[in-house]
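This document opens with one chain alone, in structure tokens, the form predicted alone.
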Amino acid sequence: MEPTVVLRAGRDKSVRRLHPWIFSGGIADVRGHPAPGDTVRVMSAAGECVGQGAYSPESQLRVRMWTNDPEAVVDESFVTHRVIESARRREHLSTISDAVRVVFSEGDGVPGVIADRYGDAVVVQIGSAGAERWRDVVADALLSLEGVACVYERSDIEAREREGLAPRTGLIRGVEQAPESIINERIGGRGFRFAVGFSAGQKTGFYLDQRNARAAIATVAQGRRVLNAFSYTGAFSVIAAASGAAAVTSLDSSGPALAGAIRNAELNAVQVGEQIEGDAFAELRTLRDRARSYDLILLDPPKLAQTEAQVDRASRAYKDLNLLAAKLLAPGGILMTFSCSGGMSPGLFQKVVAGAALDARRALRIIGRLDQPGDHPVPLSFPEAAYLKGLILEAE
């Protein structure tokens, strides 16, 4: 029997509206004994096929839709075409950067696959059972892209555990590369260079999703005393220094990340100034107690809520961080604050930051908003893809 998932009555509405996720609670029956990653036909309670998706029996997110076309054939050619077409849609970005996200999971119709290109190398994350089934096909398609010499896997993400998959990292296609790749990005008419390491660090090695923020920093940093909290490898610090900042302080819990910031400063012939290694919550309190003051504060913490169940706890953490930042912000200063937690809506994030400002007794106004760039597309039918939220706030 062909593997089939039958939905409960009324649970086909979101699928018909092109939403790609089906949770276990929406399923009435599973027929044909599908294995993890198998393509299943998705049937309404009335017996109509509403599409096909990848089955994941270990996850609450039980089916990720490949297509709403009942007649489509989900095979090697189908997956290869999706990957290559996704990369093709980014070709116009080559004038801005040689580092782009070439596949953004459901945003590009390749659920569970994230692929970031750094020059002639692609780093891929396989995050679902369906993507795992097509791992070799995805890797071959990525290697076939013009100018790509290797594909490196960083499937060491928490999402794999929820899918019943073990972590996996290492070279999967092409030739072994140097331990770091130097990428290029044009910001405000100037070219910047950044070192990216594949084997360790956050995400796939670099925050490609903060391209819009990097451009914004270049427009406001001149003459300002800058605090870059959660600085990672210091791209924000480098851009601020190169854009005429009066002073730069980088704060991160990772010594290797701070060393990476020095490396990136050298690549761009700038000095990034003071570096503080330590927990951001504790160090921000220390800076507050020392009555330090900054004209531009960059607050970009890692994901604090992995799931919606963690949003309440994350909200308290975001409030604490923004409360401390507000107290450190000089009169007329600018705070750029971010959340990359997908479970936190833009409205909730703004509410949390507003509460922090109120408790800090600071009047802040929104003068801009920042989100993920176009190589992280958000289908109108899948607003969950819009995970990055940023506010540019100005103090009275």
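What you are looking at is a predicted structure, and each value in this text was computed from that prediction instead of being measured. In this text, residue numbers run from 1 along the sequence as written.
Not pictured, yet referred to below: the form predicted together with ligand SAH.
- Stretch 275-283 is the answer when you ask which of 275-283, 155-163, 128-136, 311-319 has residues with heavy atoms within 4.5 Å of ligand SAH in the model of the complex.
- The contact residue chosen from S231, S97, S105, T204 relative to ligand SAH in the model of the complex is S231, the criterion being a non-hydrogen atom within 4.5 angstroms.
- Between ligand SAH and the residues S253, N212, Q177, S293, the one pair within 4.5 Å by heavy atoms in the model of the complex involves S253.
- Under a 4.5 angstroms non-hydrogen atom cutoff, ligand SAH in the model of the complex lacks P167 among its neighbouring residues.
- Mapping the unseen interface onto this chain, F236 counts among the residues with a heavy atom inside 4.5 Å of ligand SAH in the model of the complex.
- Interface residue remark: D300 is counted as part of the site for ligand SAH in the model of the complex, having a heavy atom within 4.5 Å.
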